[in-house]
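Consider the single chain below, provided in C-alpha coordinates and representing the form predicted on its own.
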(Lines give C-alpha, C1' and ligand atoms only; values in the text may rest on other atoms or scores of the structure.)
Protein backbone atom coordinates (compact mmCIF):
# COMPACT_ATOMS: atom_id res chain seq x y z
CA UNK A 1 0.00 0.00 0.00
CA UNK A 2 1.47 3.31 -1.05
CA UNK A 3 1.47 6.12 1.51
CA UNK A 4 2.67 8.64 -1.08
CA UNK A 5 0.28 11.36 -2.20
CA UNK A 6 -0.36 10.72 -5.88
CA UNK A 7 -1.20 13.89 -7.80
CA UNK A 8 -2.70 12.86 -11.14
CA UNK A 9 -3.52 15.38 -13.84
CA UNK A 10 -5.57 15.42 -17.00
CA UNK A 11 -4.71 18.33 -19.27
CA UNK A 12 -5.31 19.51 -22.79
CA UNK A 13 -3.46 22.86 -22.83
CA UNK A 14 -1.04 22.37 -19.93
CA UNK A 15 -2.84 24.35 -17.22
CA UNK A 16 -3.76 21.32 -15.10
CA UNK A 17 -0.25 19.90 -15.50
CA UNK A 18 1.35 23.17 -14.38
CA UNK A 19 -1.02 23.34 -11.44
CA UNK A 20 -0.25 19.73 -10.45
CA UNK A 21 3.47 20.57 -10.28
CA UNK A 22 2.74 23.75 -8.28
CA UNK A 23 0.78 21.61 -5.81
CA UNK A 24 3.62 19.08 -5.69
CA UNK A 25 5.99 21.91 -4.71
CA UNK A 26 3.53 23.16 -2.08
CA UNK A 27 3.14 19.62 -0.72
CA UNK A 28 6.86 18.96 -0.48
CA UNK A 29 7.34 22.29 1.33
CA UNK A 30 4.89 20.94 3.91
CA UNK A 31 6.82 17.68 4.20
CA UNK A 32 4.32 15.58 2.25
CA UNK A 33 5.85 12.77 0.19
CA UNK A 34 4.23 13.06 -3.23
CA UNK A 35 4.59 12.25 -6.91
CA UNK A 36 2.94 13.66 -10.03
CA UNK A 37 1.46 11.41 -12.73
CA UNK A 38 -0.59 11.82 -15.87
CA UNK A 39 -4.04 10.33 -15.32
CA UNK A 40 -3.33 7.63 -17.89
CA UNK A 41 -0.34 6.49 -15.79
CA UNK A 42 -2.80 5.33 -13.12
CA UNK A 43 -3.98 1.82 -14.04
CA UNK A 44 -6.87 0.24 -12.16
CA UNK A 45 -4.41 -2.16 -10.49
CA UNK A 46 -2.31 0.78 -9.37
CA UNK A 47 -5.41 2.68 -8.21
CA UNK A 48 -6.24 -0.16 -5.82
CA UNK A 49 -2.84 0.31 -4.14
CA UNK A 50 -3.08 4.08 -3.65
CA UNK A 51 -4.46 5.51 -0.45
CA UNK A 52 -3.92 9.25 -1.11
CA UNK A 53 -4.93 10.72 -4.45
CA UNK A 54 -5.48 14.22 -5.72
CA UNK A 55 -6.87 14.57 -9.23
CA UNK A 56 -6.35 17.84 -11.11
CA UNK A 57 -8.20 17.83 -14.40
CA UNK A 58 -9.48 20.17 -17.03
CA UNK A 59 -12.43 19.44 -19.30
CA UNK A 60 -12.17 19.47 -23.07
CA UNK A 61 -14.50 19.41 -26.06
CA UNK A 62 -18.08 18.65 -25.09
CA UNK A 63 -17.33 17.80 -21.47
CA UNK A 64 -14.72 15.12 -22.13
CA UNK A 65 -11.72 14.02 -20.11
CA UNK A 66 -8.48 15.41 -21.66
CA UNK A 67 -6.47 13.21 -24.03
CA UNK A 68 -3.95 12.11 -21.39
CA UNK A 69 -6.78 10.84 -19.17
CA UNK A 70 -9.00 9.02 -21.64
CA UNK A 71 -7.68 5.50 -20.90
CA UNK A 72 -7.93 6.15 -17.16
CA UNK A 73 -11.54 7.31 -17.53
CA UNK A 74 -12.53 4.47 -19.88
CA UNK A 75 -11.11 1.89 -17.47
CA UNK A 76 -12.58 3.58 -14.39
CA UNK A 77 -16.03 4.06 -15.92
CA UNK A 78 -16.12 0.40 -17.06
CA UNK A 79 -15.25 -0.81 -13.56
CA UNK A 80 -18.00 -2.20 -11.40
CA UNK A 81 -15.95 -3.80 -8.66
CA UNK A 82 -12.71 -2.15 -7.66
CA UNK A 83 -11.24 -2.50 -4.21
CA UNK A 84 -10.68 1.21 -3.47
CA UNK A 85 -12.32 1.69 -0.07
CA UNK A 86 -8.82 2.55 1.24
CA UNK A 87 -8.55 5.46 -1.24
CA UNK A 88 -8.80 8.98 0.20
CA UNK A 89 -9.14 11.47 -2.61
CA UNK A 90 -10.11 14.92 -3.78
CA UNK A 91 -10.79 16.39 -7.21
CA UNK A 92 -9.73 19.80 -8.45
CA UNK A 93 -11.68 20.48 -11.64
CA UNK A 94 -10.80 23.21 -14.12
CA UNK A 95 -13.27 24.54 -16.62
CA UNK A 96 -15.01 27.48 -18.23
CA UNK A 97 -18.54 28.21 -17.00
CA UNK A 98 -19.52 29.56 -20.42
CA UNK A 99 -19.55 25.91 -21.56
CA UNK A 100 -22.59 23.73 -20.94
CA UNK A 101 -20.52 20.90 -19.44
CA UNK A 102 -18.58 23.08 -16.96
CA UNK A 103 -15.92 20.99 -15.15
CA UNK A 104 -17.59 17.79 -16.38
CA UNK A 105 -14.39 15.69 -16.47
CA UNK A 106 -13.76 16.40 -12.79
CA UNK A 107 -17.42 15.79 -11.93
CA UNK A 108 -17.67 12.38 -13.62
CA UNK A 109 -14.35 11.12 -12.21
CA UNK A 110 -15.30 12.34 -8.72
CA UNK A 111 -18.73 10.69 -8.82
CA UNK A 112 -17.38 7.39 -10.21
CA UNK A 113 -14.67 7.15 -7.53
CA UNK A 114 -17.28 7.80 -4.83
CA UNK A 115 -19.67 5.24 -6.40
CA UNK A 116 -16.88 2.64 -6.29
CA UNK A 117 -16.40 3.20 -2.55
CA UNK A 118 -13.49 5.63 -2.38
CA UNK A 119 -13.52 8.26 0.39
CA UNK A 120 -13.95 11.85 -0.82
CA UNK A 121 -12.16 13.75 1.94
CA UNK A 122 -12.90 17.23 0.59
CA UNK A 123 -15.60 18.66 -1.66
CA UNK A 124 -14.67 19.01 -5.30
CA UNK A 125 -13.21 22.41 -6.19
CA UNK A 126 -14.43 23.78 -9.51
CA UNK A 127 -12.30 26.58 -10.94
CA UNK A 128 -13.85 28.81 -13.58
CA UNK A 129 -11.53 29.73 -16.45
CA UNK A 130 -8.46 30.11 -14.22
CA UNK A 131 -7.00 28.38 -11.19
CA UNK A 132 -8.21 30.83 -8.55
CA UNK A 133 -8.87 29.06 -5.26
CA UNK A 134 -6.91 25.96 -6.23
CA UNK A 135 -3.90 26.51 -3.96
CA UNK A 136 -6.15 27.23 -0.96
CA UNK A 137 -8.14 24.09 -1.75
CA UNK A 138 -4.97 21.98 -2.02
CA UNK A 139 -3.68 23.44 1.24
CA UNK A 140 -6.89 22.29 2.96
CA UNK A 141 -6.65 18.90 1.22
CA UNK A 142 -3.12 18.43 2.61
CA UNK A 143 -4.39 18.94 6.17
CA UNK A 144 -6.97 16.17 5.68
CA UNK A 145 -4.77 13.35 4.30
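Numbering follows the first chain given and starts at 1. Source: prediction; values computed, not measured.
Form predicted in complex with a small molecule: not shown, discussed below.
- Distance criterion of 4.5 Å from any heavy atom to the small molecule in the predicted bound form singles out 103 from the list 103, 113, 53, 39.
- Remark: residue 92 does not count among the residues lining the small molecule in the predicted bound form, judged by a heavy atom distance of 4.5 Å or less.
- For the chain shown alone, residue 133 is not a contact residue for the small molecule in the predicted bound form, no non-hydrogen atom being within 4.5 angstroms.
- When contacts are judged by a 4.5 Å heavy atom cut-off, residue 60 counts as touching the small molecule in the predicted bound form.
- At least one heavy atom of residue 99 is located within 4.5 Å of the small molecule in the predicted bound form.
- Residues with any non-hydrogen atom within 4.5 angstroms of the small molecule in the predicted bound form fall in just one of 21-29, 133-141, 5-13, 117-125: 5-13.
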